[in-house]
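Below, in structure tokens: the form predicted alone, a single chain.
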Amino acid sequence: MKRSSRIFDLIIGVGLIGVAGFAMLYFLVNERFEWIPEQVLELARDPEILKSPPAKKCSECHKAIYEAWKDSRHSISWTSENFIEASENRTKEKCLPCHIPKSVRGEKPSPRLDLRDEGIYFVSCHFIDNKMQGPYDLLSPPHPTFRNPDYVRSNFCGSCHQKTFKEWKATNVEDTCQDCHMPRKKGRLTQKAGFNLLHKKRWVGDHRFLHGEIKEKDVIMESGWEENFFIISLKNQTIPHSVPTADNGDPRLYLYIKFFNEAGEEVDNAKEIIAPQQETALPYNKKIQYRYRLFDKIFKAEVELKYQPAWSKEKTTVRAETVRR
């Protein structure tokens, strides 16, 4: 009986030592990793990571972020048919820096020569000055990681999206590019067994880099009649940059108007193209008015606002209404 009791006590003791050891390791990894000797960390370093590895290499630890990135337009910035066509088979040199950036750091990047099919990937955004950087200071045994506050600031995105960044800056809105296009939620930075348990959960941005659809609530549309004129106004009330916006792509809003007589016959129509490349995009929080003089007796107007992204031939309806006289 005494022997069994001793064995039980030994098991409990070993268990408590194990729990205490794990708790100490957890504390060191998350709170005081600078106490860990560099010689110990060197044993876990993976030199391939600091030599511009392919994205698949990063997925060994950061599987969730990798899968989100694969679903983004950043991942196909070099291979998409739309880009190849728009850049005349990649011969327009002005397009290259932002479609195959070597290193993004708040200013326009230089194009890289290797791994071009990866598009805008982890090395482009997180490998700066021969260091792996991100929004947190943390222990990452395969590679050292350093905190860079620019990862939660709009100027980082402005490296490539320069026109949109200037539009956003002029609005004085506090929400950053990341707040809207990389919404954060608590989760694990790594999914690799062992590392995932040691690192505490942190706020992780959505690496799909959400484009954001233009919805009915985003654009106020007002219309009415004034003698022989039909007047319609549009106001971008929620999106803190022009709508649509692009530095070089050609996203568009189309405003279609059809005029009908009392017999239901279409007697006139009008179309407006609202696009950044035509300098007709809707600025933030400013009403833009359109006026149409009519010569026929009009009974009603049918108005439809449609959106077409730069990479699509399809248009989706944002708003539609019938305005009777």
Partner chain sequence: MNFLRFILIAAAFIFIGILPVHAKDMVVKEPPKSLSKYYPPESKQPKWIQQMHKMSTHFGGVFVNLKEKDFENVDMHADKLVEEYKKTSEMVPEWEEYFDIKAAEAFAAAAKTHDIAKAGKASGGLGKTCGKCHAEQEVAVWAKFHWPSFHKIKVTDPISEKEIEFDDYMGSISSSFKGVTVNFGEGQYDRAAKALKVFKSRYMELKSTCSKCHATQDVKRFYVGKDADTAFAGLSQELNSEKPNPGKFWKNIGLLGKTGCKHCHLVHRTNSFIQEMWEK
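Just so you know, these numbers come straight off a predicted model, no measurement behind them. Positions refer to the first chain, counted from 1.
A second form of this protein, the form predicted together with the partner chain, is not displayed here; the remarks below concern that form.
Contact with the partner chain in the model of the complex, defined as a heavy atom within 4.5 Å, is made by all three of K92, I273 and Y292. The shortest heavy atom separation between E81 and the partner chain in the model of the complex exceeds 4.5 Å. Using a 4.5 angstroms limit between non-hydrogen atoms, E279 touches the partner chain in the model of the complex. In the model of the complex, no heavy atom of F195 sits within 4.5 Å of the partner chain. With a 4.5 Å cutoff on heavy atoms, Y254 counts as touching the partner chain in the model of the complex.
Stretch-level contact check against the partner chain in the model of the complex with heavy atoms at 4.5 Å: of 187-195, 241-249, 206-214, 68-76, the positive one is 241-249. K163 is the sole member of K235, K163, H99, H143 with a non-hydrogen atom lying within 4.5 angstroms of the partner chain in the model of the complex.
Only one of D129, E227, E174, D114 lies close to the partner chain in the model of the complex, with a heavy atom inside 4.5 Å, and it is D114.
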